[in-house]
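Here you get one chain, nothing else, as structure tokens; it is the form predicted alone.
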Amino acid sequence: MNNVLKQKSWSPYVAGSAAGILLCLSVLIAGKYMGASTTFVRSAGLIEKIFAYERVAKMDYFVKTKVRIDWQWMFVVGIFFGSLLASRISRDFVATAVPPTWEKRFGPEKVRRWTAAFTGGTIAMFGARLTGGCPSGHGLSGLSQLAVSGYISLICFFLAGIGMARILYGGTKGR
């Protein structure tokens, strides 16, 4: 097992199996399916509560979905630190403001990259909140429940990702 952890890139079979085991444990131990998008909304609510407590307390969304640090919030924190730890163990960690693939296609400007990343993240979060879940919630957890919506959403995520990659990076040019 130690050898698997120190490889430059992990086998998708090992990583997928680990995600499946984690999902099963999450359901067995906490009674919760994996998801992440609500955490970002709750985090925004936690921050806003500092400045406008009464406003947050009256918002319909936050009345229904309480502003708190819960298992899902800790799950997202665990994703961050787990991925950081995995990249350190495999000696694959690289802190870069502009990834090489982006730089090759769009140039080295940090502001352009960060603007695109922020805009993409905002669109993705809007879509996740509009549909009531993110790829991990609808995709992984939906598939584990054999939900038709899980299959449809996962197919749509992949098709949209492929389409956007072809638009941004021009297909397979340069290979």
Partner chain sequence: MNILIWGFITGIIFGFLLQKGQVLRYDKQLGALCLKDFIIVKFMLSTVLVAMVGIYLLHDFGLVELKLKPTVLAANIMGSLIFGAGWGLLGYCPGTAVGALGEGRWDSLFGIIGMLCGAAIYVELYPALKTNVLAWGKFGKITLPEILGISHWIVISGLIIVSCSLFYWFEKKGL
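Superpose the two forms; the largest set of C-alphas matching within 1.5 Å is the rigid core. Numbering follows the first chain given and starts at 1. These numbers were taken from a predicted model, which means no experiment stands behind them.
Absent from the display: the form predicted together with the partner chain. The rest refers to it.
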property	result
Touches the partner chain in the model of the complex: residue 70 (any heavy atom, 4.5 Å)	yes
Close approach of residue 50 to the partner chain in the model of the complex, 4.5 Å, heavy atom	no
Partner proximity in the model of the complex: residue 107 to the partner chain, non-hydrogen atom cutoff 4.5 Å	no
4.5 Å heavy atom contact, residue 57 to the partner chain in the model of the complex	no
Contacts with the partner chain in the model of the complex - residues in 120 to 149 whose heavy atoms fall within 4.5 Å	120, 121, 122, 123, 124, 125, 126, 127, 128, 129, 130, 131, 132, 133, 134, 135, 137, 138, 139, 140, 143, 144, 145, 146, 147, 148, 149
Cα displacement of residue 163 between the shown form and the other one reaching 2 Å, rigid core superposed	yes
